[in-house]
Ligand SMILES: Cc1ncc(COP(=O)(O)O)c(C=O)c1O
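Next up: just one chain, as C-alpha cells, the form predicted alone.
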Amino acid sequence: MAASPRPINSAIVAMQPSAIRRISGLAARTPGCISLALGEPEFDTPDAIRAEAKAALDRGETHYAPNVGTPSLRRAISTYMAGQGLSYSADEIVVTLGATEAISSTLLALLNPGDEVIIPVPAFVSYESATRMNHARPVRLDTAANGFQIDREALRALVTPATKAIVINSPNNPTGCILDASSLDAVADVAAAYGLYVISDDVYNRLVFDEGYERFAARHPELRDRTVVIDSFSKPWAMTGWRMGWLAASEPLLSQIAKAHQTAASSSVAFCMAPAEVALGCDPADMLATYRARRDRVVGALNDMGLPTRRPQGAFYAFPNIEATGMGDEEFCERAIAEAGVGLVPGSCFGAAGHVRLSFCVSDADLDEALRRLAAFVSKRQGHATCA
C-alpha cells in the first residue's frame, strides 16, 4: 500500500485566497454590479507604448531577455530615476514581473525562517503573504490612530532581535495617504539604529495630488546600502496587464535579490522591454488630473453620506470609515454588492477593520452611479441603525 503524500508547504496551506479577488468575483457574478474593488486604471495603455510593442514583435523580440532586463531599459530606468532625485546605475536595477514579483523576490532574498518584517497597516495584502511564504512573521504597526502616519516610538517598540525589515508604501494602498517627513525620518532612525532593511514600495509615486511628497530613498540616501526601491509601470501608464516593474538597490544587496528573481521568474517578457522604455517618456498628467477630480468628488460624497474619509493625497483609492452604519466591513461589502450593486473591498483585508476601500479608477459615469447607489444604501442602513 502506497504511503500518503508528505505535507506540502505549511505557509502556503495556511494562506487564504485573496479577499480582494473574492469580492471582485462576487461583484462580477452579480448582474449590473459596478465594481470599485480593483486598483486597475480604466484607461487603455497609451498609443505610443502599444505601437512599440507591435514593433518589438515585428522585430522578433520573442526570445529570452537577460535575467535582469535589457541593458537599454535598465539605462533608461536609471536616467528616469535620476530625474526623480534617486541615484542608481543601470547595474543596480532589476526589471521584474510587476511590483508584486519585486516584493516577493526581495523578501525571498532577505528572509530566513523566523525573521520578522514590520508592516505599517493599513497595507497592501501581498506584504504579509510574501513574508509568511518565507516562514517569517509579519508584525503589524497600526497607524490608524496616528492619521496613517508612523510614530517613531511605536515603531521602535516592535523591533526585536528577529526583526529584519520594514516595508513602507507611499502613496499608500489603500488609504491614499503619503508618509510625511516625520514618518520617513522615524523609519530611517529605527532602520539605522537596528541594522534593518527598508523596502520602499513607490508604485504610486507618479500619482500624487498634493505638494510635499518625498520618497524615502531620496530623503535618506545615507541608508542606500539597506534600501530597496520598488516601482512599476502598471499604475501611472495603465499597464497592469503587461506585468512590468523594477527594483533598485546597491550592491551586494541587488545581486542577492537578482538571484531570487532569476529563480522566481527567469526574466520579464522580452517584447515588453522596449515599450516599457517608451513609457518612461510618457507624461501621465492627463490621467492624474482625472484621478484628482474624482478624488475630490468621491471624498465629498462619502463625507456627505456620513462615512468619514481622510482626503487621499495620491493613488486612486478612498478609505472611508463605515462604523456608523452598524455593520462590520465584511458585511458592509457583501450587502453593498447584493443590495446596492456596488463592489468595495473590506478594510480588514488591509489590516484596518471598520473601513472599506473604494477605487475611483473607473469611468466617470460608473463612478457617479456607484456613489448614488452607495448613498441610498448607506442612508437606508443608517436609518435602520438609528431605529434599532
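Each residue number is its position in the shown sequence, starting from 1. Predicted, not measured: the structure shown is a model, and the values here were computed from it.
Just so it is clear, the following notes concern the form predicted together with the named molecule, a form of the same protein that is not shown.
A.B. asks: Though only this chain appears here, would residue 291 touch the named molecule in the model of the complex if you measure heavy atom gaps against 4.5 Å?
C.D. replies: Because no heavy atom of residue 291 falls inside 4.5 Å of the named molecule in the model of the complex, the answer is no.
A.B. asks: Please run the contact check for residue 234 against the named molecule in the model of the complex: heavy atoms, 4.5 angstroms, yes or no?
C.D. replies: Yes - in the model of the complex, heavy atoms of residue 234 and the named molecule come within 4.5 Å of each other.
A.B. asks: Does any heavy atom of residue 127 come within 4.5 Å of a heavy atom of the named molecule in the model of the complex?
C.D. replies: Yes, contact at 4.5 Å.
A.B. asks: Decide whether residue 100 counts as a contact residue for the named molecule in the model of the complex under a heavy atom distance cut-off of 4.5 Å.
C.D. replies: Judged by the heavy-atom cut-off of 4.5 Å, residue 100 is in contact with the named molecule in the model of the complex.
A.B. asks: Partner absent here, but in the model of the complex, which of 218 to 226, 261 to 269, 235 to 243, 187 to 195 has residues with a heavy atom within 4.5 Å of the named molecule?
C.D. replies: Heavy atoms within 4.5 Å of the named molecule in the model of the complex occur in 235 to 243.
A.B. asks: Does the named molecule come within 4.5 Å of a heavy atom in each of 120, 166 and 200 in the model of the complex?
C.D. replies: Spot residues vs the named molecule: no contact at all.
A.B. asks: Note which of 343, 347, 39, 69 lies within 4.5 Å of the named molecule in the model of the complex, where distance is taken over heavy atoms; exactly one does.
C.D. replies: Only one option qualifies, and that one is 39.
A.B. asks: Using heavy atoms only and a 4.5 Å cut-off, determine which of 313, 173, 131, 105 is in contact with the named molecule in the model of the complex.
C.D. replies: After the contact test, the surviving option is 173.
A.B. asks: Could you pull out the residues of 145 to 160 that have any heavy atom within 4.5 Å of the named molecule in the model of the complex?
C.D. replies: Not one residue comes within 4.5 Å of the partner.
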